[in-house]
Structures are given as C-alpha cells and as structure tokens.
Ligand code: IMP
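Shown next as structure tokens: one chain only, the form predicted alone.
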Amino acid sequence: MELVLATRNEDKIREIKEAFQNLPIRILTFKDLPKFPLLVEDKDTLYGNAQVKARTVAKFTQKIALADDTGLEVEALGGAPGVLSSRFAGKGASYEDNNRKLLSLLKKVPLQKRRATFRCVMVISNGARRERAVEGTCQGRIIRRRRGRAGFGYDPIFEPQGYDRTFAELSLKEKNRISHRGKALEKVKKILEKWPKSRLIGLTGNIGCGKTTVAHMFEDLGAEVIDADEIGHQLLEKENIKKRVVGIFTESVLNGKGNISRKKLRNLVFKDKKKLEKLNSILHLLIVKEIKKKIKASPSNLIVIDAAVLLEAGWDSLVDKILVVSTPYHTQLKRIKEKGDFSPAEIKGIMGAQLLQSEKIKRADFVIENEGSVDKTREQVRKIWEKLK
C-alpha cells in the first residue's frame, strides 16, 4: 500500500514516518511527487482543513492520502489559538513568533490556570467515497518560558499532564506515545490495516443501456466482477428468503416447481412502488452483506460491482469510482423490446423506478456511451481500464 502525506511540514512528516516505521506501507511525500498541489487551510474547523487537504492530494495522486490539522486550545484564552494555531501571530508566522505571542498573552496568568489541550484531527481519503476521520488529544499546560530543543510548533512551551518535561524535552518515541498526533496515528494504523487493498468500481446503468456487456468487457481485461443482480437471484432461491417473500406477496409469485418466479415477482412489484420497497427491504441489506464478503475474499486489484440500483440503493458508498453506461432513449427502448422478456407495463415500471440517466451521469466519474459498435464500446472500456489500473 502507498500512502501520500498531505503536508509540506517536514516536522510532521518525520513524526508520522516514525510512527509508521513498522507498517508495510510505502510513504510518499511532496518530495516524491512533482507539481504537488497547493494545500489551503481556509476552513473554520480542524476537521474541515484536514478533509480538504486529504481530498485534494488523493484526487491529484489517485492514491490514499493522509492529512491532519492540529490546534492548541488554551483554556484561559477561551480555546484560542485553536484552528488558527499555525498562524496565530499572523500569516507566515514562525514557530517562535507564535510561541512569543502566546506567552505574552498569558504573562499575568498563574500556572494553575494555564491548562491547555492539543487536538489533532486526521483524515484518510482516497479522493472519492472512501474516507475516515480520527482525533487525538493531549492535556497539559503552558509553561512560562521555552524549554527543550526537540519537537516543533508549541512543543517547547507545552508540558503534558503527568510530566515535568515539555514536548520539546521528550524523545520522538516518547512524544509519539502520549501526544495528540501519536494517539491519532494509532487510530489511523488500525484503519489502514483494514483498508481494502482493491480499487472498487461501481458499474451501473438503466435497463437496456448495455451495463452487462460492459461488465463482461472489464472481466475480459482482468477485473473481478461482482454481479449484485445475480446475488439477488441466488438469495431468492434460499428457503428462508422464499418464505419471507411468499409471506408478503403470497404464493402467487411461485412457479410450478414451488420456486419464486422472478418474472411474476417483477411484474408484481414494478406495478406498485410500496411492494417494491417491501422487496428491497428484504433483499438490499443481504445483497450488500454478500458483496462485502466477496470483496474481502477477492485477490483482485480491481473489482467491478455491477449493480443496476447502485445509486438508487445508496450502494455508491461502497465504491471508489462510479461508472455509468448510457445510451439514447430510443436505443434503450429498442434493446428492451428486442429481448422480449418485458411487458409494456413492466418496462414502464422498471424505468419509473430507476433514476434518470441524466441524474446518474451527474454523479459519475466515468461515462461510457454505448450506442455505436461493440468495438467503440470496448475502446472506451479499455481507456477507462488504463486509468484505473
């Protein structure tokens, strides 16, 4: 796994590398990446700043990015400097400038009232839909004058609770064990250990657009395809699921062999929105559970989740990128009718239950226009494959 640190602060980089030295992670920094993006901290919360930095770098590099924002909250100053800690003495202020201003403001405040909290928020992002945030804090107090030469920022004037030394008087190993950033990094480690190693692509498209054809093309290139519709069909064959469905829709949905007829069920639910919602309430959570199992078991570096209702069901939270297969309305209708599996009422019901193509396209990271020849569609798939590898 590669992890990009979304910072140009070499002191932070040093602390993070020390904390992660035993993990099987390749850490990249701004020195490894040409044209590293400008990182702006213009939000009014630590979380907001960390999030925007992580997302910016993740989208730029197409890799997982880690960003943090840290604030020192001094009780006697009403929580200041807080989110403005790095620029407390003004834009471009040095560590020394910030320390000097803080000590000046606390000059008449007795030690027992100089309580302070270091707060660190970290965000891990892949630039798309996978993102986690953690927080670490450290209680202490602000002393009267600088002590120690290690550390950075406010370290020389912050004495952690239970210690008679400042952060700047502790070794890096000691500091990482008790500091706000060290505590946040421990939480990040646990997240990274469980972070999926595969890239997850959500493939969707309305009925008749050729989603299944595109899925097969990705499969031919080496992706693993998880077919959500097929999982749903398999679930309907399970006895416990069949009983639940029959309990709601009666035995009218069974075929001559006593199994659920998908056509009968489809014909029923796509005429009645409430019935469709009842069926979805049974199947959707179970389908997601099976998808997650398959993701976990997969050795593939690129997994395509083929799901007609990816966006309608909110399953886009599972994936890194969304790929929508689209085709003009007249072509869509022609293909549906050529299949001969659907009655006019079913076609109307299915199309009415799906988001408009235009809405899906707005939420897509990639769009395949599937109107021309098979070769033209395959070429679009190949180009997207090259970007995703």
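Remember, predicted model here, so these are calculated numbers, not experimental data. Numbering starts at 1 and follows the sequence shown.
What comes next is about the form predicted together with the named molecule, which is not displayed.
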{"query": "Contact label in the predicted complex: residue 341 to the named molecule, heavy atom within 4.5 Å", "finding": "no"}
{"query": "The named molecule contact at residue 152 in the predicted complex, heavy atom, 4.5 Å", "finding": "yes"}
{"query": "Contact flag, residue 211 vs the named molecule in the predicted complex, heavy atom cut 4.5 Å", "finding": "no"}
{"query": "The named molecule contact in the predicted complex: residue 85, any heavy atom under 4.5 Å", "finding": "yes"}
{"query": "Stretch from 222 to 230, 191 to 199, 154 to 162, 238 to 246 whose residues place a heavy atom within 4.5 Å of the named molecule in the predicted complex", "finding": "154 to 162"}
{"query": "Residues within 4.5 Å of the named molecule in the predicted complex, restricted to 10 to 34 and counted by heavy atom", "finding": "12, 15"}
